[in-house]
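A single chain comes next, written as structure tokens; it is the form predicted on its own.
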Amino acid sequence: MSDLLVLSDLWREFPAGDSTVAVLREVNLTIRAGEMVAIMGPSGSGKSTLMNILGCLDKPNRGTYRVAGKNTADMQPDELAQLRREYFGFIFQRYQLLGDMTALGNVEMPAIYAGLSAPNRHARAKALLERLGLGERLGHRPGQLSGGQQQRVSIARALMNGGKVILADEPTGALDQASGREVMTILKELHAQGHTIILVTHDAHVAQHADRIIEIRDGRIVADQRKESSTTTATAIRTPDTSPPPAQGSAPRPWWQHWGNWWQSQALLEAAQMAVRAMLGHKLRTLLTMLGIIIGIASVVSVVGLGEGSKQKVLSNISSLGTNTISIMPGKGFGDRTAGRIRTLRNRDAIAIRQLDYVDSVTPVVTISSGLRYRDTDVSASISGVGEDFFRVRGYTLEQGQGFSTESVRRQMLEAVIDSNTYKSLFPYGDEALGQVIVVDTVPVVIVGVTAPKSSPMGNDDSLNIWVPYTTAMSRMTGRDYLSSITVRINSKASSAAAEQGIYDLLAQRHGKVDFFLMNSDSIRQTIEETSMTITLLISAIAFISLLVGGIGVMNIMLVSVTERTGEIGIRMAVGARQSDILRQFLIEATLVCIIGGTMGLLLALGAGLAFAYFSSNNFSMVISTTAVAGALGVSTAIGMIFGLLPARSAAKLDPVEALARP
């Protein structure tokens, strides 16, 4: 038999305050391939530390340890993990099985990190468990198995990737005598098939099964006895692999090689499945982790939706003034006391403006202060003289009848169009309005049209409005020859700002001076949009802070989770998980927590939007766009990756021995 494991002048020391304690001292040991060796010693003698070094879970402070001639001191952490994964198999006294996985899942774990395909590892794990008498317990979790059955699962796991060297730490220590005998029988069968078996025990009866007994006290080997090896008839469990361990590198690998398998689809899928199992195994902790993200995402989406909804509502109300309109009024601006004495706005100005290419339609406006009477009903109303294009300019829809024709304006016809409020006041019982005569001041006019209800930009508007041809208003009601204002509707394809400047230049040239001012509804629209955007950004910033706090909460709980799951991490490392495997699993878990939390927050915001729309009395609703949805999910994913990185790195950097020592 060739020398397989060789320890030369090996020391293992641990810090103890200002000094160090030597647990192993000048250990020189050679174990040959195919041997069955028992390492005995009292508690604290250093036998468990020696086993950890033999299994590449720990490193010596001084001396050398070679596996099949390869110096482990020159190996990087991932190369040591590969050695544990493909060369060694561990059997622990307390079984070290993951409670949220089935027997089959626990046995498959080393093969997952070895990259074995799911069908192949399922078949191999099943065959091993059936060979060990657990064919009917494949789907049972460790808590549903006896101690002897759990130890058999541990043995099957040790053999999953070959288990050329099997390290058994007190394999019968937690078992009754009958189960202990069964486990030792299995180990002897494995030895007979060529496996190198190393037993760590304080039980002399267990040690008698070995061909060689090594005694250790106070960190030193004090005895090394061999006895004649007995031949045992065994049933084949496996044919051991006699190939040497993976070659070590002489220098650290570049980072791009270290993470080369990070994005492999199978590895990602396996890590995602393990993350989901961990999340389902700790539902309350997972929900608490999600809570900050749920609230943050729901807040951001709701705020953006409310902001967009309010903006659209306000813009809709502004549109009721007329879509993309420019109003021309006398004076220098609102509040100009001289505006009433300026009488330069004429119908000729409206005609000249109508000739501009970017003008859709124009209407002169003459305002009248007068009363309204119909039969025995007297009401106060806003009466305006307008042109034939007024209803197009202002965006009114005729519910009954028609508007004014060019002929009506030219011939100064005694016609009127009333709004829905006026109709309800004059005809409360729904009588026919068309053709009825009403008296404006002292002038009788015939109703030719009724406009459809229209919301006011300032909310509910109960005012009464009546429109007559502006020529009628000027010649028969006011006796004046100038206009109160002119309203222009701009072509939808034209620039509102350019149109405003063009109208300004035209009127300034016609009047020879600037005795008018323009009010552009698009400017109001832009101002409201900018104000709405500012408010939305402000509130979104506050909501983003809640997201940030939620992300910090995820990080903190994940850090606590790493502490709680240190034992699990140690088990995974012992069966061959690389640092990148641990990092990937915890990072995916944090990302999944945030994605699911973000989705739940999004659904909460959508539910709030539906409730808001249902109970809202003014047709105001939240508007949640696909951009907001995509942004919310993107942000939640980013939070998971960013704030999950520190806990994931913390988990990946754990020392395997220290991790295994924790419950």
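Numbers for residues come from their place in the sequence shown, where the first is 1. Since the model is a prediction, treat every value here as computed from it, not as a measurement.
FYI, the form predicted in complex with adenosine-5'-diphosphate isn't displayed, but the following is about it.
For the chain shown alone, Ser43 is a contact residue for adenosine-5'-diphosphate in the predicted complex, at least one non-hydrogen atom being within 4.5 angstroms. Residue contact check for Val23: one or more of its heavy atoms lie within 4.5 Å of adenosine-5'-diphosphate in the predicted complex. Under a 4.5 angstroms non-hydrogen atom cutoff, adenosine-5'-diphosphate in the predicted complex has Thr49 among its neighbouring residues.
Only one segment in the set 591-599, 627-635, 35-43, 62-70 has any non-hydrogen atom within 4.5 angstroms of adenosine-5'-diphosphate in the predicted complex, and it is 35-43.
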